Structure formats: structure tokens, C-alpha cells
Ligand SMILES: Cc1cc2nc3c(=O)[nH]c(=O)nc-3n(C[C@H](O)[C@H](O)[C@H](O)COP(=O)(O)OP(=O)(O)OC[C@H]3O[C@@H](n4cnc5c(N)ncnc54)[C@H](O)[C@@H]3O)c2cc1C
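Heads up, the chain below is alone and in the form predicted on its own; it's given as C-alpha cells.
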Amino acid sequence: MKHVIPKTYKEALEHLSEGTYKVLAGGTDLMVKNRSWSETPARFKQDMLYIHNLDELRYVEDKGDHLAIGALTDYETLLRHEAVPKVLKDCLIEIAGPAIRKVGTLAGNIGNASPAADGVLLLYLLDAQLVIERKGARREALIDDVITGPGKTTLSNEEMIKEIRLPKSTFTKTQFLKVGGRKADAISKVAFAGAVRIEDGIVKDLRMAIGAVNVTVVRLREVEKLHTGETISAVQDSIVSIKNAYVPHIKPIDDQRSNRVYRKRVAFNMIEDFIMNMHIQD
């Protein structure tokens, strides 16, 4: 196996063009997955490309209509940046502890593609667009179209996420909730993120995303669109049909953290709580 530390982003893409490397940024997921005995190197089974030193991928820039976040921007930087949406900060402060947040990144969360990843949940809610590059080529994709299942993405072996773009949005209420096994440093049993913009009693924008209840984050844009433009009371009167629309999609599993019955009940409680209280501002 080869272990390479490129000096520049361009050099990193050159190595990736060989199609054999696994990209490691902060390593908060990969180092755990490939851990070995105490005080011994991690057991990686393929060529590794270490990019943590590429400072050119560390930035947060206000572009007017969107916020651009470099792939290696860590959670702590995002927590301190004034342009980062409050609902994203509400999520990030709940992720692990300061040491992990200093090296963990949203791009790494995406590459790991865990349906329980809280950061990814917020990227679904905020309509994140990903800038993905390989040597000589570039594409942009909605996060929904990149993550396809646990540990699975549409990224090829030659591609790397360069940037995450968050379109500017204004909300009258946002909410992030997670249920874990303890108060701190917990992996979510179920997580919920919601955002709404209400003007003169009319719902102008409605978004809900639920994590750890399916193979990917659940966000039903067609349900949100159906109730956009309605009065608050009309949306709230539709709570039964809204919850019914989620029934085929809320399909949690039993695992070491929780069981499917509990997760399903909590997920629907979260949906109902947000809808019935969406007119109450933070």
C-alpha cells in the first residue's frame, strides 16, 4: 500500500486520478473504522491519501447568494463564523467534543455517508450543493444525489469534494433535536432538523429532515411543497396526512443504540411537535 501526503490540492487530484486512493482528512471516522492494537498504526487496506495539511481547502466565504465552505473547514471554525446559519451551529455544538470538532469536517461526514450523521442532516435541510472535482473535470450536485446509502456515495475513486455551498435562506423558526444514549458525545438514535418561514400567517418555506431512520436522511420535498403557501392552521390541521406521508420512509432498524419501535415513535413525535409549534418563534 502507498501512503501519500500531497503538498497541494492540485497534486492531490493528480494522485486521485490513479483511482486507487482513499481520502483521509480529519480521520475521525476512518481511524476508528480501521483501528488496530494500542500504539500500532491503523489497519488500512488500500492506498491512502492524507489531505489534512491542504490549507487551501479551509475557508468560509460569503458569496452573496450562498455560503461557500471549503472541504477541510473544521466544525470549530464553523461554530465561530458569523455567517454560518444558527441551525447548523445548533447541530455542530452537539457533535462529539472540542477535540473531535477541531478536526472533523462536513465533507468527511458526507464521504462517510452515515444515515446517523448529524452534520449531514443539516446539509439536507439547507439544500447543500457540493462542488466535486477530479483531474480535469468538475461537477456540482445536490447532497441528496450524492449519498445513496450507508457508506455509499456517487463519488468515484478519482473524485474529491472541494466545497460545500449553502444557499442563503431566511427562516422565522429553526429546530435541531437529537436523541442519544447520554447528554454529550452521543451518536443519534434519532435526529430531527426543521426550518420554516412564515409571513402574515402564511407558510412560505417548510423543511424537515430526519436522521437515523432509513438508509439515508429522510427529507420529503414533495410534502413540504404541498403545504407551502397554506395558512399555519391549514398545515397544522393536516398533521395526520403529513405524518402518514412519512410512514413508508420512516423505516429504522434495531441496533446497539436503540430499537426500531422506539425510533419510529420518536421520529413521528418530532415531526408533530415541529408542525404544531412552528408559529412559536425561538
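From 1 onward, residues are counted along the sequence shown. Nothing here was measured: the structure is a model prediction, and the numbers come from that model.
The same protein also exists as the form predicted together with the named molecule; that form is not shown, yet it is the one meant from here on.
- Judged by heavy atoms within 4.5 Å of the named molecule in the predicted bound form, the contact stretch among the candidates 204-212, 107-115, 135-143, 191-199 is 107-115.
- Within 4.5 Å of the named molecule in the predicted bound form, a heavy atom is found for all three of Ala25, Thr28 and Tyr75.
- At least one heavy atom of Val32 is located within 4.5 Å of the named molecule in the predicted bound form.
- Contact check for Glu158: every heavy atom lies farther than 4.5 Å from the named molecule in the predicted bound form.
- Within this chain, Leu88 is remote from the site of the named molecule in the predicted bound form, having no heavy atom within 4.5 Å.
- By the criterion of a heavy atom within 4.5 Å, Ile95 is counted among the residues contacting the named molecule in the predicted bound form.
- Among the residues Ile147, Leu125, Ala71, Leu130, the one placing a heavy atom within 4.5 Å of the named molecule in the predicted bound form is Ala71.
- Comment: the named molecule is not present in this chain, but in the predicted bound form one of Ile51, Ile242, Leu67, Val218 has a heavy atom within 4.5 Å of it, namely Ile51.
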